[in-house]
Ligand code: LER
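Okay, so here's just one chain, in structure tokens, the form predicted on its own.
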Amino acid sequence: MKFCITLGKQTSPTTPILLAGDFIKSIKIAKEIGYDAVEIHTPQPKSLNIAELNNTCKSLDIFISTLGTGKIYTDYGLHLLDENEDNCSRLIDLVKDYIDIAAKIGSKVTIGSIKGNMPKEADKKKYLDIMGRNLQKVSEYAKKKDVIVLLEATNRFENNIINTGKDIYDIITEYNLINFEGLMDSFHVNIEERFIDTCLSDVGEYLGHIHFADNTRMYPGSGVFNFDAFCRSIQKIGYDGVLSVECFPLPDGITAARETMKFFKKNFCS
């Protein structure tokens, strides 16, 4: 398995990004702590210095696991459930920008908060169809660019659709989403899943990425989430992909990064 950490240009005590500032400097810090990979969260993927990132990653033997698209939602308010076709077209074009960059740096692309929210008392099937059709367009482009898209199950307070591992499996299979995988996050699992020991297997063969944070969204092991069961389930299903910490930078990003690395080594390297 590969251990990964989140990077962004900025962070805050309520933003689940550990290392902030210059991406090259953050990658070097991540490597020094012992991480194998980084996630990059940026609202402007076209502004990334591709050559510098690739050269740095090659020289340090580290890789960029995925590009986060959440800033599309927070900065522009665009989401996959919008009934306005022009808004959806704009959103898909922005996601394509991430896919283009991902193809050049060898990473995946994460779709999480841009899922959006259904209106209260809405017909869920109607909005799943809207999302499914939009994701099919993303899927077609991702396949053409040979990029994997990670669809994340998030909790109901952030997105009221695609909340569980089974939800991921169902939408990928029902809408035949090629080049799609599932992303599960222990913080969201704690809120949405009935059974910690089976929720990952619910994603089936599509499980492609796992986020770690405790129930307080601080670093894993600092709260009360049942990580013993969660880690056992990872080993039981034979998952050997990326394990990534996406938690609040508390008490500070470096401390949280180091504590998470201790956690990873204790649970997956013994």
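On a predicted model such as this, the values are computed, not experimentally measured, just so you know. The first residue of the sequence shown is number 1, and the count goes up from there.
Absent from the display: the form predicted together with L-Erythrulose. The rest refers to it.
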L-Erythrulose: the contacting residue among S139, S89, S113, N160 in the predicted complex [heavy atom, 4.5 Å]: S113
All of E152, H188 and R217 within 4.5 Å of L-Erythrulose in the predicted complex, heavy atom check: yes
L-Erythrulose in the predicted complex: contacting segment from 105 to 113, 80 to 88, 123 to 131, 191 to 199, heavy atom within 4.5 Å: 105 to 113
Residues within 4.5 Å of L-Erythrulose in the predicted complex, restricted to 200 to 214 and counted by heavy atom: H211
